[in-house]
Structures are given as structure tokens and as C-alpha cells.
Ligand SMILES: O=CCC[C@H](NC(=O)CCC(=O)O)C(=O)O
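Next up is one chain by itself, shown in C-alpha cells, the form predicted on its own.
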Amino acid sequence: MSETEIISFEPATGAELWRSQVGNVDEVVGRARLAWPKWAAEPNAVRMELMRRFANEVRKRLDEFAQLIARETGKPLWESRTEVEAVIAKVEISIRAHGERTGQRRLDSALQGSQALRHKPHGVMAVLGPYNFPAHLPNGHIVPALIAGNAVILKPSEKTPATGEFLLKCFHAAGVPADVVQLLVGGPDEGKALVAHDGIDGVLFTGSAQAGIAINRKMASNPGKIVALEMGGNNPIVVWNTPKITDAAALIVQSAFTTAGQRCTAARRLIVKSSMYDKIVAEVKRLTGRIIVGAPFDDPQPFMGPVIDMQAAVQLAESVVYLISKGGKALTHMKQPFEGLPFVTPAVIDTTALSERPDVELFGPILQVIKVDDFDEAIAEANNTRFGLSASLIGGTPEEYDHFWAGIRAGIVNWNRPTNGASSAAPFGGIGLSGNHRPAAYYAADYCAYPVASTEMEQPRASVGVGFREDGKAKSEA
């Protein structure tokens, strides 16, 4: 177990923002286990009302919350405000989803009694949050888990703990008991200990495939614990026949470079029809060159802030060098405009000539371009990945979109829309290395409670039939 402090730094300035000692996993889990039964026994209406109070608490502190997220992640303030608004909106969406996905059902039969379907909470749930959406994504697990009657322990990313702390303070201010939803400050060691703890009944994870696979392996020997994994993607955006070159380029840039490319749904690969290549690439380069990269509170507001830290910036720069060394052609070069700070400009690399393209999630503003001649070839190239989160077709006919939709292996398939910006009112998840078939967002209710089927009668009623002797006859008389 780590014994050091966790310190959060502002990516845009390098200044220290927050620090705390790491938490004690046993103590946090112990408090949650004691608090859970009373919380689970509360009526659904009480828990839902507290969630609505939480939404109001966040709404009252929206500006303060958005500024904190902007400082801790480096996101532009406009984007941080959007994240806080998503936190608020998640409450009503989760209440609606809980009723629809896990509501009670009853079918009466006079002779056979009543058939009932109800749902029970799992118990104490561990939520492991990422740094790219440090409020919205953990909140997407926490709210439905609390509505269902679970206690929750949030272990935020060690890179964004201040946001996690602020989020939980809003729950507590709304009246959710402090031991029902708790913060565990820590790094990888604390995360591993929490996942392995006997007092945890479920693990809800958002993050890298590497970490998700490690969790999956750890939990494989214990099928009694629910595990939901959302692990990112190597997402394709395919451009086919369209006269809307400017619009197509805007969708490509939004898909690839929003949040400095630090979205699990970001487009990593642009697959474009050969005859459209020159026009599309020229417009993407033109629009990329107009992107303002800057600090969260700059005026005018930037489109992109920094990536999360210098380690990430260095890894991205090394990834660009690797792609070029293997035969890639730089269409726009990645630059670091501010020495010593993790700001990078977007890179667009033509990797058509690469014999083997690395099937990894380059978590930043790097877009690989691949030229193809045939629509089936485009679909095959789009599926040339172990991931399967998001995919988008830009252009094409309705028939081609139907063909694309049927052929693509992904949990989110869009047409003439970005690969990112998924709705919380729909299920969110992928296949392959992108998830374990437990989609989040609207379907989060599914993994926050388990169904219980019951057959019920107010009085016992039964009779015996075939295979029984007549009453009163001895065995010797048979």
C-alpha cells in the first residue's frame, strides 16, 4: 500500500492545486458496509429525492465546479461547464432509466399466486474514475448505483482527485449520508486493493484497456462480483461520397481533437475514399490549422487545452515519431508551443503505407489517415482493431449506411455525426477491448441492481399427484 501523498497539479500552469494523504481502504470499506443496509432499506422515493437535491446542489455551484475541473484537467472553461451540466442532467435520466430498466412487475394468477419481478442492490460498489471526465463519468456510475440502493466508494484518478472530492461534497451537502458515498484518495496501489477487497460487491471502471484487463483478470475467479468495464477505443471515422467537404472536415476535427483528443470515443483513424482524399485532407489541414490551443481561462476561449501532464505529452510526441519512422507521412506536425507545459498541437499522419498499424489507443490529438478505394475495404479497415467502441460514416447513401451499420463492430455507430458526444439517454459501451458487454449511461441501471423473480401466495396451497400411493395404504398392500 502506498504511503505517500497524492498531489494534483494544474496542467496549464504546473501549479499545485490540491494534496492529501492516501486513504485507508479497509476503513473506507468497513464504513460503507455498515452504512449500506440502512441506505438499501430506504424507499426508492427517498433516494431519488436526495439525487434531485444533489442535482440542485451542483446547479448552485456550477461556476465553482466548472472552474475547478478546468484548472485540474486543463480543459477550456466552456467544456468544463458542459461537463457539469451533464452531471446535473444525469439525475433525471437515471431516475427514468431505473424505472424503465429495473422497475417492479407483477402478473397475477388466481390458482398459481402472483409472479413478481423486483430488483435488489448488490451492496458496496467501487467506482474507479478517469481523469478526462473526472466528474461526469464517475457520476454516471454513482447516481444509478445510489438510486438502486448501493453504497459507493469513489477512487478518482490520482491526476484529478480534487474534482472527485468536490463531487462527493455535493452529494453530502444534499443529504446523502457520508458513509454511503465515500472518497478513497490514492493511486494504483489503492485501486488494486479496493478491487480485491472482500467487502466490495462490484467494480465499475472507466479507463484504459490495460487497467480494465487487469481488473477483469483479478475478478475472473470471483463471479459473485459484478464488473462493468468501459475501456476506450481505436475509433474509425469513414468518409465516403459527399459534396459537403467543409461539414465533413468539421465533423472529423470535432471527433479527433475535442478535449485534446482525450476522449474514449475520439476518432483515431480517418478512412477516406481515394477520390475524395485530396479535398478532405486539404480541408482538415486548413481547419486544424485554425484551432486555438490555450489555457482554460484564455480569452478568446481555446478549442483545445493541454493534455493531462508532461508524461502524456512526451508519449504522444514519441508516438508521432514512431508512426513516421514506420512509413507514415506527417500532414500536420505535432508541436509543443509552451516549453515545460503539456500543450500540444494536433497531428495528422497519413499511415496508408504502413504495413502494420499499431492497434492502440493513442490518447491525444493524433489522427491517422488511411486511403481506400472500395467501400467494403473501408469497412474492413474500420474493423481492423481489437477495440469496438465508436464508429462514424460521413457521407454515403442510406443503403451504404445500412451496409456500414450492419458490418461495423462497435457499440456506437453514427451517420454524419461525430464519433464522440454520445447521449446519456442511450446505452454507452463497446465490444472487444472497449468493454465487457455491460454498457453504461442509460443502461447503467442494469449493473447497479440484480433481478429477483418470485412466486407468491398469501396462504400455502399444494397437492400431490402422480407417483404417490393412496393415502392409508401400507407398502405391503401395494
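Only a predicted model underlies this, so the values are computations on that prediction, with no experimental measurement involved. Sequential numbering from 1, following the sequence displayed.
Not pictured, yet referred to below: the form predicted together with the ligand.
Of the stretches 416-424, 45-53, 65-73, 25-33, only 416-424 has residues with a heavy atom within 4.5 Å of the ligand in the predicted complex.
A heavy atom within 4.5 Å of the ligand in the predicted complex is found for exactly one of 357, 136, 119, 122: 136. Residue 264 is the only one of 146, 264, 304, 378 with a heavy atom lying within 4.5 Å of the ligand in the predicted complex. For the three residues 238, 257 and 392, a heavy atom within 4.5 Å of the ligand turns up in the predicted complex in no case. In the predicted complex, at least one heavy atom of residue 132 sits within 4.5 Å of a heavy atom of the ligand. Contact annotation for residue 269: none of its heavy atoms lies within 4.5 Å of the ligand in the predicted complex. Heavy atoms of residue 441 reach within 4.5 Å of the ligand in the predicted complex, making it an interface residue.
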